[in-house]
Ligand SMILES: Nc1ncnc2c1ncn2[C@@H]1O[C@H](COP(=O)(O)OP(=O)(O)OP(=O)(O)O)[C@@H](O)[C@H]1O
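A lone chain, given as structure tokens: the form predicted on its own.
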């Protein structure tokens, strides 16, 4: 049965113009008559044209007769799964955007639908405000895709090509990473970038943004581990004038700053549980409430997050919300560590040396064969960041045109004396000396380990903390408590790895 809207749009959250709504058609697929009627009337009030179907067969019949902008489907239908509609639309390369409605607690199924090509999902019982917002976003995205399909295909932008070029390496594993970036860049599905510290997760996230339809919008990168817990909500969602003492004007947060672009959440695994629930709501409802504001604001951002932690393990340990994990981990890109792509070392060294030479105002040093062999034999657990720190030292301390690393220089990064070992040392009773002051003895040992980790990380606190399994806040606390002095170089930083 087909209806046409006798109303004009009434919702302030509708993201499309009245003119755009005049020819917008939505297909609702659900076997429960009451729910079909509820969804239909809600959409009619928003100004959309609506058709309904009670089964998979009816839905396919509607799709064979005409095009729609959005298909809303229940996951379970009498004659099949809503997933079949998603796959059909994807295989036929149709323009419809699919929104899946699934039972509460079926997050795994919902994530599978997103991976299959769904635009978004809603859980029962459906919140109608969230329903309207999600459908409005899906309509806007459908219209944008239809417009892009009618134009000639534009060549990759220079910014997109440049972002991919910054991912140095032509090993098979890095080629796969680059191919995946290009493939998923134009999807609106959240992306989780994983990999060890120093592998270049932010570079990958930026390449996703630069190769997407949002490349002309803002790129906002956030280091979640570097924000004090009491400031997280203000930093993410902003605050209104008078919200707290000294607040004399409105302040935008990360979500407002990233409107129309990409919000990159680095070290998402370090976000406290209380903030995780607020972030989840902002992502799934696409709206935020600034501190001190009586109203919510719609936000249009693409979420890319990154972590060096195993979030599945964090979920199992109760340190990370399972529902947020499913929201963020729709598409995952794993960056291989440097030890698994040794063939990229020469190109990486050359690129890093050019950068160092440009910053230092010197000629590009020559990389000796001996140094390259030495680097190839080192595990380099700090990956590209550690490699860059090592080359910085080599450039600063070499007295010849061709770079060499003297044993005294290389000792800092000699991983035979690394902070952690695979097997603990076993001492006999004659080797154990009981200290007169246990706490000062422990403090002294902890101080030595922290200083060594800082040195091996180029005095980068974030990298050192990651190597020791600490958060940045824990690292700062220990540095202050143990009175570890800041070196007089410019390397002692919190710059994320």
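Numbering follows the first chain given and starts at 1. It should be emphasised that the depicted structure is a prediction, and the values quoted were computed from it without experimental measurement.
Same protein, other form: the form predicted in complex with the named molecule, not shown, and the subject of what follows.
Asker: Heavy atoms within 4.5 Å of the named molecule in the predicted bound form: which stretch among 290-298, 93-101, 200-208, 132-140?
Answerer: Within 4.5 Å of the partner lies stretch 200-208.
Asker: Under a 4.5 Å heavy atom criterion, is residue 214 part of the interface with the named molecule in the predicted bound form?
Answerer: It does not: once the named molecule is placed as it appears in the predicted bound form, residue 214 has no heavy atom within 4.5 Å of it.
Asker: Using heavy atoms and a 4.5 Å limit, would one call residue 314 a contact residue for the named molecule in the predicted bound form?
Answerer: No, residue 314 is distant from the partner.
Asker: According to a 4.5 angstroms non-hydrogen atom cut-off, is residue 384 in contact with the named molecule in the predicted bound form?
Answerer: Flag for residue 384 set to yes.
Asker: Should residue 235 be classed as touching the named molecule in the predicted bound form when contacts are defined as heavy atoms within 4.5 Å?
Answerer: No, no contact at 4.5 Å.
Asker: Please pick, from 124, 281, 251, 308, the one residue with any non-hydrogen atom lying within 4.5 angstroms of the named molecule in the predicted bound form.
Answerer: When the named molecule is considered in the predicted bound form, the option within 4.5 Å is 308.
Asker: Of the options 174, 303, 333, 77, which one has a non-hydrogen atom that comes within 4.5 Å of the named molecule in the predicted bound form?
Answerer: After the contact test, the surviving option is 174.
Asker: For the heavy atom contacts within 4.5 Å of the named molecule in the predicted bound form, list the residues of 161-177 involved, in sequence order.
Answerer: If the 4.5 Å heavy-atom criterion is applied to the named molecule in the predicted bound form, 161-177 yields 166, 167, 168, 174.
Asker: Closer or farther: how do the Cα atoms of residue 271 and residue 466 compare in the predicted bound form relative to this form, given a change of at least 3 Å?
Answerer: More distant in the predicted bound form, by 3 Å or more.
Asker: Do residue 466 and residue 346 move together or apart in the predicted bound form, judged by C-alpha distance changing 3 Å or more?
Answerer: Note: Cα gap between residue 466 and residue 346 shrinks in the predicted bound form.
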